[in-house]
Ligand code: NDP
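The chain below stands alone and is given as structure tokens, in the form predicted on its own.
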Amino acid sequence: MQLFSIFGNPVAHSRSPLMHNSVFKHLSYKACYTRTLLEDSTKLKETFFKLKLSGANVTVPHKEAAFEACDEVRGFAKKIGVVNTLINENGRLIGYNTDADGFLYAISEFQNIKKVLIIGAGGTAKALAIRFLDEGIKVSVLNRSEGRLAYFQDFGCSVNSWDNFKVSEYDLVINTTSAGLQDTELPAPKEMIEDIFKHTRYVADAIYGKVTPFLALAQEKQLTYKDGADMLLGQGVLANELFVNKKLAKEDIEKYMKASFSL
């Protein structure tokens, strides 16, 4: 029996156990998936091996720490310095990132996306920004302070803090911060968000399972919006493929993972 988990803080809200266990149960794969509240990012690797995990997902605020903890990082994660999926490969911790492709899956119904504004500058923002740039999409990043913006600027993003932000035209605006997850906060001052919403067609929030204040405002402004559920599904399918070393068909993984959202 293989054991998998998700590391995060907070983590009690995570649907990942339901998603992955649905796949394991229906496809008779001998594995179990649980949650691990991790308060200290520096203990990630130690905790992973103490729990004798075969693999794990990583959510806020540990995705960059997960990158540092790995013995080897592969694929897109190596380019961006952010890991959300961990594999135990013969006692070595191998890191991947499935967030970005999961998000592209989530917004596939949005048409003609050429300019994106990302609010926040954490691990999810990094993954999305660089993936969008790879697709030839112009990316702007808005963060409360300038401290974490140099990373994005180095890759060719337009960057702004709250203090120097001037609104432009966007096709899609995405909240990648935790604002609204456990509170009633917006990811930026309300006046700023309202101004941004006058200049976009689509709105998305990486948070799932609730209408955040950010999405409620988008709804009020009659904008097309979606929460992070499809992103969660998309990245989860790709992570599960890594967990089972592609021994299960991707279509079957997606089928039973999608079914878990009705539970």
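Quick note: we count residues from 1 along the sequence shown, nothing fancier. The structure presented is a predicted model; accordingly, all values stated were derived computationally and were not measured.
The protein also exists as the form predicted together with the ligand; that form is not presented, and the subsequent description refers to it.
Each of 148, 176 and 231 places at least one heavy atom within 4.5 Å of the ligand in the predicted complex.
Residues within 4.5 angstroms of the ligand in the predicted complex, judged by any non-hydrogen atom, belong to 59-67 and to none of the other stretches in 27-35, 190-198, 59-67, 45-53.
Taking the partner from elsewhere, residue 123 is found to have a heavy atom lying within 4.5 Å of the ligand in the predicted complex. Residue contact with the ligand in the predicted complex: residue 79 places no heavy atom within 4.5 Å of it.
Taking non-hydrogen atoms only, residue 181 approaches the ligand to within 4.5 angstroms in the predicted complex. At a distance threshold of 4.5 angstroms between non-hydrogen atoms, residue 186 is in contact with the ligand in the predicted complex. Taking a 4.5 Å heavy atom cutoff to the ligand in the predicted complex, the contact residue among 105, 155, 162, 110 is 162. Residues 206, 207, 208 are the members of 196-210 with a non-hydrogen atom no more than 4.5 angstroms from the ligand in the predicted complex.
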